[in-house]
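Starting off, we have a lone chain in the form predicted alone, written out as structure tokens.
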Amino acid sequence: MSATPSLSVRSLKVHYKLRSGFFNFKATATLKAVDDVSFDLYPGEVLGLVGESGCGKSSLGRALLRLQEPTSGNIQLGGLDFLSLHGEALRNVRPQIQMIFQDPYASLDPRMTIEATLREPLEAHGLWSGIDSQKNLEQLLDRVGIGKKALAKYPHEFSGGQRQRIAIARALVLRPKVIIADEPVSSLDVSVQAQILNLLKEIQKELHLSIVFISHNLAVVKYIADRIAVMYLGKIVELAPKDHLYSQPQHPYTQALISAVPIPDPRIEKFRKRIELRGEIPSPINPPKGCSFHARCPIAQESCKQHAPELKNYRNSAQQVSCFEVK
């Protein structure tokens, strides 16, 4: 991996103020969707981001693009302080980082043709150059498996899988270095999911893209990612190369997640032991003191209730774990 990350995130927080009252809407509580997250994404790398619903994955993804302004922290995009940029400076950098949204039915404007959808970001950034750009759009649609005849059509004329291919083309049209893919296959049929994943994997390698791939599906992430970060209640609790994570998960939460993934062989599945977590996920409005996982953890000690562990390297390896009991 390159020594210089494409995307570097440090101590990122996304907190939402919850308000009540009919007239003055006073802030009554704070929801800590993302709470002190740090990681690096390297050129040509796919970083999987997994966790249960409500753990902060999508909030983190939106914050990385500044669709949601972070509460605090730092984001370096290609060596630039991304959060300090505003106005024209921010506009000039935005093509470097793009997003593929979860729902292909909601992310494409039904009133715009596919050509208008793909032209819009180019025109917004002053990059449309007529015939040459038109040829590039046709080549891009061919590359994602749609074909140039789609340019004159509207989104309702395509299936969900085809719409997601168009959404991928739109994310690529500005030739970004980093893509945030927020559950890009979760709304598709299983057979179509495989096609879209293969397409993403091929394009990522061809263009040497860096991708943050957000998903709740561990099997999907295992297929496409190089490294995987596991989130729980707004924090990353384990980050490791995928082979290490699946063969030797260290954090109790990661172990429980992986134990719940079905194995295709019924003989192995029948006798496999699953780790059942006690209780429910605490509210991000009122997270527990100390380690956020201690109330459900099978190996929690008294110290876990008082102090929050840091994400540290496990035995000088590339694996990082946030747990006092993993040494």
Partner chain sequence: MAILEIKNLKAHFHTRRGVVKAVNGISYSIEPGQTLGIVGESGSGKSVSQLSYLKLLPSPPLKIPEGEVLFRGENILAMTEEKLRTIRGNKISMIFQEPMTSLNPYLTIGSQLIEPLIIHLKKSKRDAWKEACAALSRVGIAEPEKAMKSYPHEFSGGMRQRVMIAMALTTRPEILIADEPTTALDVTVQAQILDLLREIQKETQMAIILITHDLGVIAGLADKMVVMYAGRIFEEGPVETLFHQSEHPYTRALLRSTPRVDVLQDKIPVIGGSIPDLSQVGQGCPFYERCEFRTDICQITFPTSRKIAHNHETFCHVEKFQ
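Positions refer to the first chain, counted from 1. Model, not experiment: these values are computed from the prediction.
This protein has a second form, the form predicted together with the partner chain, left out of what is shown; the following refers to that one.
**Q** Only one of L47, L277, A300, L65 has a non-hydrogen atom within 4.5 angstroms of the partner chain in the model of the complex; which is it?
**A** Selected option: L277.
**Q** Identify, from the list S129, S84, S191, Q139, the residue with a heavy atom within 4.5 Å of the partner chain in the model of the complex.
**A** None of the others qualify; the residue that does is S191.
**Q** State yes or no: in the model of the complex, is some non-hydrogen atom of I285 no more than 4.5 angstroms from a non-hydrogen atom of the partner chain?
**A** Output for I285 is no: heavy atoms all beyond 4.5 Å of the partner chain.
**Q** Do K201 and the partner chain share at least one heavy atom pair within 4.5 Å in the model of the complex?
**A** Yes, K201 is a contact residue.
**Q** Does R94 reach the partner chain in the model of the complex, with heavy atoms at most 4.5 Å apart?
**A** No, no contact at 4.5 Å.
**Q** Within a 4.5 Å heavy atom cut-off, is A219 in contact with the partner chain in the model of the complex?
**A** It does: once the partner chain is placed as it appears in the model of the complex, A219 has a heavy atom within 4.5 Å of it.
**Q** Among 113-121, 167-175, 192-200, 144-152, which stretch sits within 4.5 Å of the partner chain in the model of the complex, heavy atoms only?
**A** After filtering at 4.5 Å, what remains is 192-200.
**Q** Which residues within 121-138 place at least one heavy atom within 4.5 Å of the partner chain in the model of the complex?
**A** Counting only heavy atoms within 4.5 Å of the partner chain in the model of the complex, no residue of 121-138 makes contact.
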